[in-house]
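First, one chain by itself: the form predicted on its own, in structure tokens.
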Amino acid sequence: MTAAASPLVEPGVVERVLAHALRHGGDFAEVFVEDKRSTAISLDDRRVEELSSGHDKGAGIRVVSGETTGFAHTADLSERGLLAAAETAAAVARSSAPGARQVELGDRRLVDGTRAEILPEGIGKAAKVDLLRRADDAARSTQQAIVQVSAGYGDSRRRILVASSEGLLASDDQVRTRFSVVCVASGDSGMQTGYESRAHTVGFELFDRFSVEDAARTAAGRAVAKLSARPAPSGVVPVVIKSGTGGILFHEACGHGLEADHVVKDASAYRGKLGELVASPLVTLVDDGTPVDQWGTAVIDDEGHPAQRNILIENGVLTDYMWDYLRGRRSGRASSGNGRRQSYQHLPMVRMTNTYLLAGTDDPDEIVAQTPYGVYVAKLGGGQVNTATGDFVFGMTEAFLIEDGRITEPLRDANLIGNGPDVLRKIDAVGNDFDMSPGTCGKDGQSVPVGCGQATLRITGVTVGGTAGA
């Protein structure tokens, strides 16, 4: 663990700003301070196309009065700048009950430094570019059909401080590092792409834990394999999803419907179903901000509440939703540690962290062996979901045919089409090989890092939007 950095804002200043925000009345005030530094590098066809660094620093101030929320943000972290932002936020939420209110910060959860072992900010840009060049060389040297390689590197250090009129004072120091590579192969059937990435809430030690050359060779192999791919079947077929890759499906098709803001707006397929059987008894769905090093992991959420492990569906039964502070307060619930925001310029909302299905006991190879015919999905791409109904469409970026209990020919890119609640009910096997993958979740114009995960599992029937008959 590295040494602690200087505080973003002194506690005494924060106390005075909170008191100022409530001097005209109000139920609640909050100060969110952020200092974020980031680096992004991209290499395309052996040329460095982007090499950029950014530094964003500022504060967002929220004042709540009844059902009205006032919000203002500023890049001026002086006491004068914070007081001006507090005045603006208070004016929006102003009630008819003015009066002085003293705020004492008592509930303190302050980190003493980041958990990263090697801060990326201490590594020269040349060493980071070298990672991308090594990946490019590895992809081209192992697969002659590779005609294009694009590789990307990114890191960020995000220090936050959150204080509220309820006495809360908390901070976190988050370091994230990522790497990705995309390879394009050319053959008689045209061009095909393969992709691989790694992203964790760690420092530059990420590259002591995995090989960029191996990642590049994996991406290149996927691209080349798809050159001989046949059309995917069309129709409802059994689908086996490889560990780690299918978590995005459950994040999008089920997880968003379990966020309390969707539930209270009656925009969720899971509204009013607490205590009901909504999935196969093999399914336990968890949202968890605490796993070490995962992409959606943090010490606190962006409202200062501790990250938690929340069981949403247990043995098929819906047990809870995810909550931020405001939705929880209005429903008589505590926050579940799911209040997140993109930056100090944004209001927090209910968001997932690391969402995953717990592993089962089945042997992954046996799951395939006991599937006479179907599709094996080794990698899912992006998709679209209607949270109110759970209907989804997801791309399969690496998939194979299952014939007589064996994985056989690669398939061309196609879509999985279905309904989240329906898919949960049709899971009839869950493996013991749990794995996670990183992602970026977009909601209402805000993007945050998330993790997704699951073990190998089988769905008895999903519509595959291919071009060959099933």
Partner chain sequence: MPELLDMAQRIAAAARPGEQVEAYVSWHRETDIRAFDGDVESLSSAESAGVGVRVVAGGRQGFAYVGNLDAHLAREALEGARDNASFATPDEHVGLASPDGAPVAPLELWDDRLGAFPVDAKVALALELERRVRAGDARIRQVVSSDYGDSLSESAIATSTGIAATSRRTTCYLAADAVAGERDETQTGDGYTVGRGESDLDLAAAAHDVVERATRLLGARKPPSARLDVVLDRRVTATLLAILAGTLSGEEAAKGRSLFAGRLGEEVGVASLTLVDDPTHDAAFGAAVYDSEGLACRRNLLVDRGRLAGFLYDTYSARLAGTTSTASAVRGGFKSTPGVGARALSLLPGTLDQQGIVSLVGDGLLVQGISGVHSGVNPVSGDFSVGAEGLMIRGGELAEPVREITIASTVQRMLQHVLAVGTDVQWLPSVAAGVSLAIGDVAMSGA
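In this text the structure is predicted, and so the values were computed from the model without any measurement. Residue numbers count along the first chain shown, from 1.
Another form, the form predicted together with its partner chain, is not on view; read the next lines as being about it.
K.L.:
From the list G81, G395, G154, P291, which entry has a heavy atom within 4.5 Å of its partner chain in the predicted complex?
P.N.:
Result of the distance check: G395.
K.L.:
Heavy atom within 4.5 Å of its partner chain in the predicted complex: which of N432, S53, T440, T408?
P.N.:
Checking each option against its partner chain in the predicted complex, the one that comes within 4.5 Å is S53.
K.L.:
Check for me: heavy atom within 4.5 Å of its partner chain in the predicted complex, for each of R340, T371 and E403, yes or no.
P.N.:
The answer is no; none of R340, T371 and E403 reaches its partner chain.
K.L.:
Consider R425 of the chain shown here, and say whether it contacts its partner chain in the predicted complex, taking contact as heavy atoms within 4.5 Å.
P.N.:
So R425 does not count as contacting its partner chain.
K.L.:
Is R327 part of the interface with its partner chain in the predicted complex - any heavy atom within 4.5 Å?
P.N.:
So R327 counts as contacting its partner chain.
K.L.:
Taking its partner chain as it sits in the predicted complex, is G272 near enough to touch it, meaning that at least one heavy atom pair lies within 4.5 angstroms?
P.N.:
Because no heavy atom of G272 falls inside 4.5 Å of its partner chain in the predicted complex, the answer is no.
K.L.:
May I ask you to state whether M436 is within 4.5 Å of its partner chain in the predicted complex, using heavy atom distances?
P.N.:
M436: no contact with its partner chain in the predicted complex.
K.L.:
Can you tell me which of 249 to 257, 170 to 178, 215 to 223, 119 to 127 lies within 4.5 Å of its partner chain in the predicted complex, counting heavy atoms only?
P.N.:
Looking at the other structure, the answer is 119 to 127.
K.L.:
Using a 4.5 Å cut-off on any heavy atom, which residues of 409 to 433 would contact its partner chain in the predicted complex?
P.N.:
Read in sequence order, the residues that approach its partner chain (within 4.5 Å, in the predicted complex) are R412, D413, A414, N415, I417, G418, N419.
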